[in-house]
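Okay, here we've got a single chain as structure tokens, the form predicted alone, with questions on binding and movement later.
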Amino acid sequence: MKTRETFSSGLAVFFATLGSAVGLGNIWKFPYLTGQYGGGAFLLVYLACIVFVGLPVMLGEFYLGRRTRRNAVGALEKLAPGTPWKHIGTIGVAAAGLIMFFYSSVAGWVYYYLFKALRGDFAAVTMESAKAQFGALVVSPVTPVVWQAVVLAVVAGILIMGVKKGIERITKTLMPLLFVLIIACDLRALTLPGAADGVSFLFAVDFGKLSAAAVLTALGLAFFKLSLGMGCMITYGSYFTHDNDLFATGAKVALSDTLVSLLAGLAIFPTVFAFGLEPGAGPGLLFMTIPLVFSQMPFGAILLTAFFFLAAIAATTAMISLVEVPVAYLSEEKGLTRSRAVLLSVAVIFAVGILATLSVDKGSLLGGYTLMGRGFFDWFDYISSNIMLPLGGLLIALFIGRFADKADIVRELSAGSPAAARLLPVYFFILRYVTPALLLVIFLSSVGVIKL
């Protein structure tokens, strides 16, 4: 094997890993799902999923990657040669592909809205015109496909440059700027009339609004947003430095990712209530509310352009980690050069992803083709987020907690931080008993075996 690239420092590790976790899941998916499932109660369930499921699995994936210095499939093959455990990695590669099929579509919307902001298309935008513009986009048979191709071309260009010159440089430079823009959006949104109702909606706890669907969605969202069960953290873990504190990195990424989600919610919901929009309006929520926010601000056109630029960066950094999963697999297991692995991965994602892009709305070209009430876009989302990710997480928890060499795990997780050894007994207890139990119940419920 060729010498594997690694990130250059602990700071680079943090920003790259956070770049994988922070993306449209925070800015797009979190707000609209929180709106759908009742606000604060859903948020509490989501946070519980992070603590008892997300973080334990994330640390397990870090261990697999750094210990083996291999891709998602190769890591399991190295630790358990000749066993079916390698198919955990296969599930991860497949899940990354399924997510990219629909995620690249939404990222294309973001890129298109950046282009529209640069043209000044949102001057004097109203609630009605914002809805009309988004509706015209999702039913167009050409425009969203073109922008899906654009975003995939950008991702391909970054990945071809490699780990340090591509992934690390982009995430380390641009991730901090995203925080600045979200906070700026918060400051303006919280001054709108009726903003207090939006804040109350986000944080008010009403367990009466929770349902089995809400719990399943919270778990799927936790995995989706932390890039778990899809091979991303195994692949990125293989690029970590030897002295990186895995516990600290995992905790900082989980906390920072949740913080970004809350900041995004504080930008979205006050605007929703101020302009009389529906909190559970679906994935179009971001694209209808953000132009309204900035249209009310001094120098709003400039700030709107900056926001969609950084939203595009957030989408891109997340996509980089997703596409890196099959790229690393094809490079190491199939012997392709990095450039060819990138181009092949992107070509397949684009070809299949068109199905998602053209099936978002009933008025879309493929909107009439459904199975059990779901179109291609919704099926790619549901299968990956609610089935493959928890299944992959369950298998990782079982492998790390019960079959992998415990002494080996202790050495790897405590490297770079002797103090982390004190947390290992708690970690192993959660990973062996709490995490698998929760994942098993959620998985069986999601496939209809049991009813919650």
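Rigid core: the largest C-alpha set superposing within 1.5 Å between the two forms. Numbering starts at 1 and follows the sequence shown. All figures in this text were calculated on a predicted structure; none of them were measured in a lab.
We do not show the form predicted in complex with ligand PFF, though everything after this point is about it.
Note on the interface: of 229 to 237, 348 to 356, 329 to 337, 138 to 146, the segment with non-hydrogen atoms within 4.5 angstroms of ligand PFF in the predicted bound form is 229 to 237. Using a 4.5 angstroms limit between non-hydrogen atoms, F224 touches ligand PFF in the predicted bound form. Ligand PFF in the predicted bound form comes within 4.5 Å of no heavy atom belonging to N71. In the predicted bound form, ligand PFF sits beyond 4.5 Å of every heavy atom of T271. For L439, no non-hydrogen atom is located within 4.5 Å of ligand PFF in the predicted bound form, even though that partner is not displayed.
None of T171, T289, S104, S321 but one reaches within 4.5 angstroms of ligand PFF in the predicted bound form through a heavy atom, and that residue is S321. Contacts between stretch 70 to 95 and ligand PFF, counted in the predicted bound form as any heavy atom lying within 4.5 Å, involve no residue at all. After superposing the rigid core, the C-alpha of Y63 moves by less than 2 Å between the shown form and the other one.
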